[in-house]
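Each of two forms of one protein chain follows alone as structure tokens, named structure 1 and structure 2.
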Structure 1
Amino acid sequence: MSIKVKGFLKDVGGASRVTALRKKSIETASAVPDPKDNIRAVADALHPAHMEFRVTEIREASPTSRIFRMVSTDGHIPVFQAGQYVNFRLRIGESELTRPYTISSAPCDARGEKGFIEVTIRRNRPYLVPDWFFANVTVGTVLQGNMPFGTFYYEPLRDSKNLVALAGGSGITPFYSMAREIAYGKMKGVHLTILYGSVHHSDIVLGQELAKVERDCPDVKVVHVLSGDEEWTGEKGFITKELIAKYIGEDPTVMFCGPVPMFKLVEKAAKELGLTCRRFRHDVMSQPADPTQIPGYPLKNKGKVFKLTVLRGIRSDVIDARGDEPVAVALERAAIPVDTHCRGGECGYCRSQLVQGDIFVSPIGDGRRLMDKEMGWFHACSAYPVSDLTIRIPIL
């Protein structure tokens, strides 16, 4: 067998010229970042490090949830995909914290001079951040944050055009964004079926908005599944294997977004239906507010308070850290800046180094790399102190 090498000398000649040019660029490069660097300008436009959002409208999305429409104060909203989220940086009392909220409006809504984004926040019981939003955010309020983040979006090279969404509670927000984008004529050829589980009719978030998009767009179908509403005449009970099988169709991509207990049921059903990992995708799960729900959480830890020594560059602070709250929350309570995004252990933004002491790492969404596990790195949003600790965190 012979191998023909075409243009071999040309390739070698070209490569040596590139090497020489690269060497020259390195020798003449400055250690100071070039402010006119085009790649840097593109990266800043796609992912601004810091943005300000001015709230322009607030509407009810259900008796317990509100839609907050906002514009960027500099007029520029970065390109994003339906399903991605904005990360707000908030000051609440003494605490400095961040929270992710999915952009429930469509990417198309953000384009043009009057471009906006909307987030839909649910407050079906007392919560720290939703309570603060409902009590403090009015038209004109300016919020700090940045966007876009997350990988929970439709990817035409990977996903099927038969998209089946399984949603619970505020988990409807990424799918409403996708539904709107489809109604705008984007996501060509995609047909979206949403199975949306709620307890009672009054718990449905964005109910009227979903009904409108379904009326306007033949490629969007919404099926409400209610588990505790006697008067409901539609699908009743939970989202089971049988129910998914009824609506799933041929060659689907199934996407799930909702609370952890619902995920456990739906994941089992997906396995039984033979869906592969590629065809069953789910959003990141935040750690439960009550850590005793986490498998393996040491119950004796609840109620204990440990000393947490935080090293940042040459600075060292000693703060309190509760055994029933993630390390990131201790930092937030002490107003020590920590970069959290998914708050579920997956994205790695809150990666920190354990210098001394013991932690419990939640197995829910543990996205640490193998080498990180071995070298004592952990994700502060999903690790709980079980002794006094010394940690090193990046300076923000």
Structure 2
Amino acid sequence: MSIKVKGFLKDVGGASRVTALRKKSIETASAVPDPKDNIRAVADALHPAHMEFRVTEIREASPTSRIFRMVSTDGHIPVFQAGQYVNFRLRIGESELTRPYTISSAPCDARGEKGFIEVTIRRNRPYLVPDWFFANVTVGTVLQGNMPFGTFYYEPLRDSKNLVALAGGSGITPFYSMAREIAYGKMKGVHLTILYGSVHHSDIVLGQELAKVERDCPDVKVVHVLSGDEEWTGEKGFITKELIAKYIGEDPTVMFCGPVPMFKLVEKAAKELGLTCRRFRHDVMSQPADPTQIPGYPLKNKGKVFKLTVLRGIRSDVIDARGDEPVAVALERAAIPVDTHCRGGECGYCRSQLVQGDIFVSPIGDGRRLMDKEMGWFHACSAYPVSDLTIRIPIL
């Protein structure tokens, strides 16, 4: 590609020429407004505000996990990257909840006339939304939601071709999507090594699916690390600094997705291995069921119940809020609409204003702007009451 230089005066005078052309266009334009906005139309198609997904297939991914395959009811699935998520809007009882789930299928699966997406949901302990999915979602169920969201994906302008994934439990889902895209899609030239921590070989989420991709594609390698299986002959224990160093290779990009306790260990190991922030990234992590796992959480707060005054326009509601649950959970329990997406404090969809009282904000994934911190704004999905509160939330 060559650039034509017209001369110093003509080049530096380009802005004035553009201004003159714009002024002329305004003077000669029609007085009747044109409501068509081509850019807005393209944006809406790429990122629709509302979608419907029909479940077409449900199968086991492990004894505690299920894969839900879905198609869009209008036939259109927006372009997405391996590692992004879909946000479902669910009505459970009197409450309307939003929950994110990583798309475990690959972008290549969504292309063509029979395109689909899949989410893999684990229920290894009682938990509201997984329990609801397992009990209520069947083939033919239509779910509300939209996609895609998230920035946890491979970016060739930033990341190296040597991609190392560290996963724990259901945190395998974004990496399974990447593995499929490498094997059958367009992530050409990328070599993916997955270090996957599980407890027992009998309950490895997507174990058979990972094995097939590894057989089909020499650029995908899966190393299972089991912490509670005496019969296992492969890597045992936890994903440590030594284990990462064993498989990391040269010039790696390391990506992590898993539970908070595992993140603490992996983050420490990454620093000791000298990985820069640019080369070590983690997915948005939902707040743990046990908040004492969060660094800095005030232990005296656990089990306490506070009064939460919620302002929405001219309306005011007073509800109970537990000190060991995020503010968003208290709002959902009281059937007060709150729009959450990432559930980890990063995206800002549940941005709310603290009018009075004290909160503890999880430092993991705190995505607030500096000005928000100074002016008393917080993200309801990652903030815990420390006293009685008064907050102001958007009207939905």
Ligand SMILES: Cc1cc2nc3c(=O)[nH]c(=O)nc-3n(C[C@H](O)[C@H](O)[C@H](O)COP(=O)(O)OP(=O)(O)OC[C@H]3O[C@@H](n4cnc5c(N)ncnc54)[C@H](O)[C@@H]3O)c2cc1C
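Residue numbering: structure 1 sequence, from 1. Only the largest set of C-alpha atoms that superpose within 1.5 Å between the two forms is called the rigid core. The structure displayed is predicted, hence computed values, not measured ones.
The first of the two standalone chains is derived from the form predicted in complex with this ligand. Once the rigid core is used as the reference frame, the Cα position of Gln356 differs between structures 1 and 2 by 2 Å or more. Taking 2 Å as the criterion, Asp317 counts as shifted between structures 1 and 2: its C-alpha moves by at least this amount when the rigid core is aligned. Relative to the superposed rigid core, the position of the CA of Lys36 differs between structures 1 and 2 by 2 Å or more.
Relative to the superposed core, Glu27 moves its CA by 9.0 Å between structures 1 and 2. Relative displacement of the Tyr297 Cα between structures 1 and 2 on rigid core alignment is 3.4 Å.
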